[in-house]
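Shown next as structure tokens: one chain only, the form predicted alone.
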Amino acid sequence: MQLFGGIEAGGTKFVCAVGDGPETLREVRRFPTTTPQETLGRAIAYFREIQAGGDMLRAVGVAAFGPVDPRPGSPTFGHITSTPKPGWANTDVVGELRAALNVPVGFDTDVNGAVLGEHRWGTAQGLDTVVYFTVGTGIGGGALVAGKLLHGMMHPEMGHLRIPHDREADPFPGICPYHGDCLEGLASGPAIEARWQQRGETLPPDHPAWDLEARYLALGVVNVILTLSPQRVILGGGVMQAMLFPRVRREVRALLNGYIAVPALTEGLDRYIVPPGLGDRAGVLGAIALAQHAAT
């Protein structure tokens, strides 16, 4: 059987799987992200097991934490570049995998991978311009524009949008080591914990943390709506509990204030700002979609 491999390369854990879509996804394996040598070694060992079992591995895709260089032809294509994660800066992920497995390797950010997976199999099917935010240990944003993943000089860094910060209402300075109170610095999971001295999952639904969180996320979403005009916005990640969605939609509606008079925003926000259709498999399925693209 011909299979495509996917690696969701997160800053906390790697998820590896093979298949050619949601219905055939199998052999899912998770392990912690430690050193590059150990972690990539475990991923390589996993795919070698697949190959030794008689299946043909056509290609592998990697949807990675960043920053990364996703530009084919660049001298550092396939590298995790200036990440603050200890030991991972300037790691040649694609080179290691190509040399060990002798197959094509697709490579992009974790959120670009997720939006590609959602476009192919999830809640963005049939659309050509979509944005995916993941809100968890960090905040990242991926974009599909006119049917193609958005790169430019590197890739979007929507988690570091500079959003309004009312220091009277919220004196918390933010935790981003580069910008302090950017979107990630104010609204990521670690920011919630640092502000309230409690992990988000332990806070009750009526805690003031959630209205503040919804406000910050809505500011980020509105900036992207006004910039890219996506046909849908997908919000994933561990912070995005179900009770946050109506709050974010309400804040987005108030911030736009009727300026963009299209039905998706005036009548259908519950179908416009949505959770990922692929759930927690969006990342690894997006990596498999990157593998399929690399094999063409």
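Predicted model only: the values in this text are computed from it and were never measured. One-based numbering along the sequence shown.
One more form of this protein should be noted, the form predicted in complex with a further copy of the same chain, which is absent from this view; the next part is about it.
A heavy atom within 4.5 Å of a further copy of the same chain in the model of the complex is found for one listed residue only; from Leu40, Ala59, Met240, Leu228, this is Leu228. None of Ile80, Val105, Met158, Ala187 but one reaches within 4.5 angstroms of a further copy of the same chain in the model of the complex through a heavy atom, and that residue is Met158. Residues with any non-hydrogen atom within 4.5 angstroms of a further copy of the same chain in the model of the complex fall in just one of 205 to 213, 118 to 126, 140 to 148, 192 to 200: 140 to 148. The shortest heavy atom separation between Leu256 and a further copy of the same chain in the model of the complex is within 4.5 Å. Interface membership of Val28, defined by any non-hydrogen atom within 4.5 Å of a further copy of the same chain in the model of the complex, is ruled out. In the model of the complex, a further copy of the same chain lies farther than 4.5 Å from every heavy atom of Ala100. Taking the partner from the other structure, a further copy of the same chain in the model of the complex has no heavy atom within 4.5 Å of any heavy atom of Leu269.
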